[in-house]
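Have a look below at one chain only, the form predicted alone, in structure tokens format.
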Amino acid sequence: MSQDQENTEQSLFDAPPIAEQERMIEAMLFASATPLDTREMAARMPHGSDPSEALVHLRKRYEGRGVNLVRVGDGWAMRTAPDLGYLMRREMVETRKLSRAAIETLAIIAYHQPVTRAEIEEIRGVSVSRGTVDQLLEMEWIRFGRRKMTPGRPVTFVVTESFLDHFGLESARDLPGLKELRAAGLLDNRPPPGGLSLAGEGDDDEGAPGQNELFED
């Protein structure tokens, strides 16, 4: 069967009603252990479905409920309403506690990504152990980013969707400000050496002009 014939055959069938598409997405999200993006949803749904439109209706339907439809990076997921999180505390198991070095390293990566190990060390003022980075990689809260187009082409680090999902963030732009981090004891009050700073301390969110030219695609 040719592509044209296949498209003609598919067009003979109307897309399911939007209410039915909502039900399909609702079922997929509740069954999925990880957030799903619209491309994944569309690939599973009948021809002609519009997951983006269905998500708008579904999100509105869950407003004010005990479970909300939230965006996580490029994907979507069903999550407990933030104000009811205290009810889930007994279900949470803390398997490990991050060291102060890991917390500081994670915060620097989140606010300054993509960032190299050398830049992390310059901001912290101390060296970063391999174990600290390995722990964050193992937890899938950070991953390797593009290599920087500088001598040695050092690898960079960025946060993952798992990190955003764990902390209930839609994107890195939703991170708390630098003052909140310091008030919580997650960062020292000393100014970072070498003139480097974290986002929220005078940095432009989009980075310096020509910054993308410093990285490999």
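Residue indices: 1-based, along the sequence shown. Since we're looking at a predicted model, the values are computed, not measured.
Although it is not shown, the form predicted together with another copy of the chain is what the next lines describe.
**Student:** Is there a heavy atom of residue 140 lying 4.5 Å or less from a heavy atom of another copy of the chain in the model of the complex?
**Tutor:** Contact with another copy of the chain, no.
**Student:** Taking the shortest heavy atom distance, is residue 134 within 4.5 Å of another copy of the chain in the model of the complex?
**Tutor:** Flag for residue 134 set to no.
**Student:** With the cut-off set at 4.5 Å between non-hydrogen atoms, does residue 24 touch another copy of the chain in the model of the complex?
**Tutor:** Yes, residue 24 lies within 4.5 Å of another copy of the chain in the model of the complex.
**Student:** Taking heavy atoms and a 4.5 Å cut-off, does residue 44 contact another copy of the chain in the model of the complex?
**Tutor:** Residue 44: yes, in contact with another copy of the chain in the model of the complex.
**Student:** Enumerate the residues of 153-171 that have a non-hydrogen atom within 4.5 Å of another copy of the chain in the model of the complex, in sequence order, or give none.
**Tutor:** Result: empty, none.
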